[in-house]
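Just the one chain here, laid out as structure tokens, in the form predicted on its own.
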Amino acid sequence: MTGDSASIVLDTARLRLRPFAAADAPAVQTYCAEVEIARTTLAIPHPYEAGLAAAWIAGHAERRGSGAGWIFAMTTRDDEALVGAIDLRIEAEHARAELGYVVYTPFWNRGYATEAARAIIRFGFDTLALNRIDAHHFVTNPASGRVLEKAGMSFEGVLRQRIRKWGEFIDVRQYAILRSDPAAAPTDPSPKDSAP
């Protein structure tokens, strides 16, 4: 990890997690316009209107400054390709955060999500002093569950019809990891297997 609170960078074996820059907006706009990306996430609308990526990136500093959360761009360390995004949405009162991520379609099935999730979980516990980090995924997207399990999170249950996406109520699977869990101990952040 390097940098001050406004420019923290997390390095893993293959990835660099860094703040988004305005220059990332065209790539984010292109990737988030894909229906395959919108289908498995709650926060990304479809169609993804022009200008949404730039506005989203412009709001990151305020979110971080207010303590509401941290958003990182996932990039490859070798060629700095933008792979996706990962974030922690913080509830400071409860020392907890919700982990969310998206990997852009050209980078699916390479283990990047697991690698990034392990790094941001470590950041959440070691730097932000969180006690609990949780995450959920649509039951229609089991690959996300495999990512969360490989990142050390435990399955806690199904929340029935918790989300409404495109007019349909969807069940989600809930996962979490506690600072005190054995899986929260530092490990090699680079997975040897593949995951989205």
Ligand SMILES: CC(C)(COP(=O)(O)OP(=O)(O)OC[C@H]1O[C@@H](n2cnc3c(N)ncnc32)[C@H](O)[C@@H]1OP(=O)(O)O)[C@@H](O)C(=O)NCCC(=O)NCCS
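All values reported here derive from a predicted model rather than from experimental measurement. Throughout, we count residues from 1 along the sequence that is shown.
What comes next is about the form predicted in complex with the named molecule, which does not appear here.
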| property | result |
| --- | --- |
| Close approach of L128 to the named molecule in the model of the complex, 4.5 Å, heavy atom | no |
| T30, heavy atom within 4.5 angstroms of the named molecule in the model of the complex | no |
| The named molecule contact in the model of the complex: F72, any heavy atom under 4.5 Å | no |
| Proximity of K165 to the named molecule in the model of the complex, heavy atoms at 4.5 Å | no |
| Segment assignment from 61 to 69, 38 to 46, 22 to 30, 153 to 161: heavy atom within 4.5 Å of the named molecule in the model of the complex | 38 to 46 |
| Residues of 102 to 138 having any heavy atom within 4.5 Å of the named molecule in the model of the complex, listed in sequence order | V102, V103, F107, W108, N109, R110, G111, Y112, A113, T114, H136, H137 |
